[in-house]
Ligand code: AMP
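Quick heads-up: it's one chain on its own, the form predicted alone, in structure tokens.
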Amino acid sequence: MIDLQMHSNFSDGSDSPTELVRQARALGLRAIALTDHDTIDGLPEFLSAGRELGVTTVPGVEISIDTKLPNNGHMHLLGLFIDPEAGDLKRTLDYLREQRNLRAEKIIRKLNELNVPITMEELLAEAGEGSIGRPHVAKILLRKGVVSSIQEAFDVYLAKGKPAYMDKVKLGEADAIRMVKDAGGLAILAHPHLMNYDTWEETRDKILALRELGLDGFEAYYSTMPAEFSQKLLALAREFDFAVSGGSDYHGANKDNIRMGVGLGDLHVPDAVYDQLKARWEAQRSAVAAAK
């Protein structure tokens, strides 16, 4: 069993990178990927823990994409097998982190205008080494008794369309794919069903358009993905030679209904998915080296 999408406390997860690896080992997972949002700062600890504990660890990242989608849909891109030392990747992610901090300041101002007591100092302390996200704000609101749950914090204040919501700076489709490829990684579309197109044909057309920009593949296994949608993605992968990935999108206590490896309980990402992804990555790496 493998799990190629999960998050640590370096973004909006609750567990440290080392804790993720320890849990994976206890669960018998063969390979896992750390795909924190817009940051790779947790990867050194993650990879070190993998070597120490004998779990195959894949360096990754999850990038939010600036694109227009219907029905409040969203697009995220996973970079798998990236080089954490790639200079352009680090510089771009550092920029996105700075923009996250500016966004957080705006959220705090909106909350203060609503007579909700919260400061930037509290938020920085909550996030620690991690990249600031709305879950950190939600945790503070819960701790202060402003809301009774993390979900309520989003429902009342932080979700899109709510009074303290602020959009964040994102990369365009082509720029995000290029950044991942330049960092030596595979560009994988995360949870395609959450783009929220009305029809499968629209989803298919969008994926094929992204292929022209360099997209390597997509997640066909995901915690909340309907089985019928997954089967259509697998058929599309066979038809156009897309890479296939999958993961639980584990966030620890911040999404306590999602469990590592099994998602909502019925997720199973075959081991062969990792083998095929690694083989594709190695082939691309060899082709790039030969072209130099």
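Small disclaimer: the values here were computed from a predicted structure and weren't measured. In case it trips you up, residue 1 is the first one in the sequence shown, and so on.
The discussion below concerns the form predicted together with adenosine monophosphate, not included here.
- Adenosine monophosphate is not drawn, but in the predicted complex it has no heavy atom within 4.5 Å of Phe81.
- Not displayed here, adenosine monophosphate is kept clear of Tyr197 by more than 4.5 Å at the level of heavy atoms in the predicted complex.
- In the predicted complex, adenosine monophosphate sits within 4.5 Å of a heavy atom of Pro135.
- Taking the partner from the other structure, adenosine monophosphate in the predicted complex has a heavy atom within 4.5 Å of a heavy atom of Arg103.
- Checking 153-161, 140-148, 83-91, 122-130 against adenosine monophosphate in the predicted complex, the stretch whose residues place heavy atoms within 4.5 Å of it is 153-161.
- Every member of the trio Asp12, His37 and Lys168 reaches adenosine monophosphate in the predicted complex with some non-hydrogen atom inside 4.5 Å.
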